[in-house]
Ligand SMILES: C[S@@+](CC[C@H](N)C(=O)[O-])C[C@H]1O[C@@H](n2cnc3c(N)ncnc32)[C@H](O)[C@@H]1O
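Starting off, we have a lone chain in the form predicted on its own, written out as structure tokens.
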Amino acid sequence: MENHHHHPAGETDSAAMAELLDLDAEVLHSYLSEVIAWVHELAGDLPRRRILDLGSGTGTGALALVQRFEGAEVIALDISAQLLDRLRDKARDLGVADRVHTVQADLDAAWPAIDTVDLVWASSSLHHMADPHRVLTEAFATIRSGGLLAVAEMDAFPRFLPDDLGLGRPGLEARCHAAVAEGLADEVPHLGSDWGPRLNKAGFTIEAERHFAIDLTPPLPASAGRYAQASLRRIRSGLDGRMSADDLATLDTLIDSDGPDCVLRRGDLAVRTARTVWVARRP
């Protein structure tokens, strides 16, 4: 879950997004470690000197890659200056600032000049692109012959709540997700796409495709509650007029950090989500 906006956001929105991305990385760290290890294995004996992270966000992928691929440098590309600032701070704290280079750029616009890379990583960023084929074509041109592209995408937004909340609104989260999907159909039409054919069309050869089902059950660490709260707050921001007043009031109760029914205080939260990862090679 790296870059979730390809258009500039205000500072307040960037701060909320940064928090959500960092919580996603913390709560789903086992998934990320497994994916990075798998990509590392698929890379085999190929050169791993230069890696490009498309839509790097706060650096979840970039920092995992630079630590796993010993000696490699990572170019982290994102549109948000605030998120890139956060990434640089983290790289400094980890002692890898000399191997992580940030570039502020809009993937939907003309790309900056980037030297040939050995691996491109794109996690939860392609579905935000206005023209994913153009972005994949740019990526193809940037990767050296024999190099790899790893695309990780959400099948759907994470879910956290039991069906019976005990608040008189059974099925609330399912209705929230249905309303969100309806609202995003035009804004992010590529969410949930099968990227295999798109990668082939751009000239890549699919090396592997893997589905990751994530189901974390109670008891969960406190970070899971904060992750649920941040995720539900982001969903809530687009639901006015799309759900009943009772549903919205219950959702507000769940994300209110002062209330006894807030997700931060519930012991029945889970984290359920699914990601698909495609690894493709430039012939």
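Numbers for residues come from their place in the sequence shown, where the first is 1. Bear in mind that the values here come from a model prediction, so they are computed numbers and not experimental data.
The same protein also has a form predicted in complex with the ligand, omitted here; what follows describes it.
*Asks:* Pick from 169-177, 141-149, 101-109, 199-207: which stretch has non-hydrogen atoms within 4.5 Å of the ligand in the model of the complex?
*Replies:* One stretch meets the cut-off, namely 101-109.
*Asks:* Consider the chain as shown here, without its partner, and state which of Val117, Leu77, Leu136, Leu161 has a heavy atom within 4.5 Å of the ligand in the model of the complex.
*Replies:* If I apply the 4.5 Å criterion carefully, the residue I get is Leu77.
*Asks:* Even though the ligand is not shown here, does Ala91 get within 4.5 Å of it in the model of the complex, heavy atoms only?
*Replies:* The answer is no: Ala91 has no heavy atom within 4.5 Å of the ligand.
*Asks:* Give a yes/no on whether Val263 approaches the ligand to within 4.5 Å in the model of the complex, heavy atoms considered.
*Replies:* Result no; Val263 lies far from the ligand in the model of the complex.
*Asks:* Decide whether Thr60 counts as a contact residue for the ligand in the model of the complex under a heavy atom distance cut-off of 4.5 Å.
*Replies:* Contact check for Thr60: yes, within 4.5 Å of the ligand in the model of the complex.
*Asks:* Leu269: heavy atom within 4.5 Å of the ligand in the model of the complex?
*Replies:* Contact check for Leu269: no, nothing within 4.5 Å of the ligand in the model of the complex.
*Asks:* Should the three residues Leu191, Thr276 and Val279 be counted as contacting the ligand in the model of the complex, with contact defined as a heavy atom within 4.5 Å for each?
*Replies:* The answer is no: none of the three residues contacts the partner (heavy atom, 4.5 Å cut-off).
*Asks:* Going through 95-131, which residues have a heavy atom within 4.5 Å of the ligand in the model of the complex? Please give them in sequence order.
*Replies:* Heavy-atom contacts within 4.5 Å come from Ala105, Asp106, Leu107, Asp108, Ser123, Ser124, Ser125, His128, Met129.
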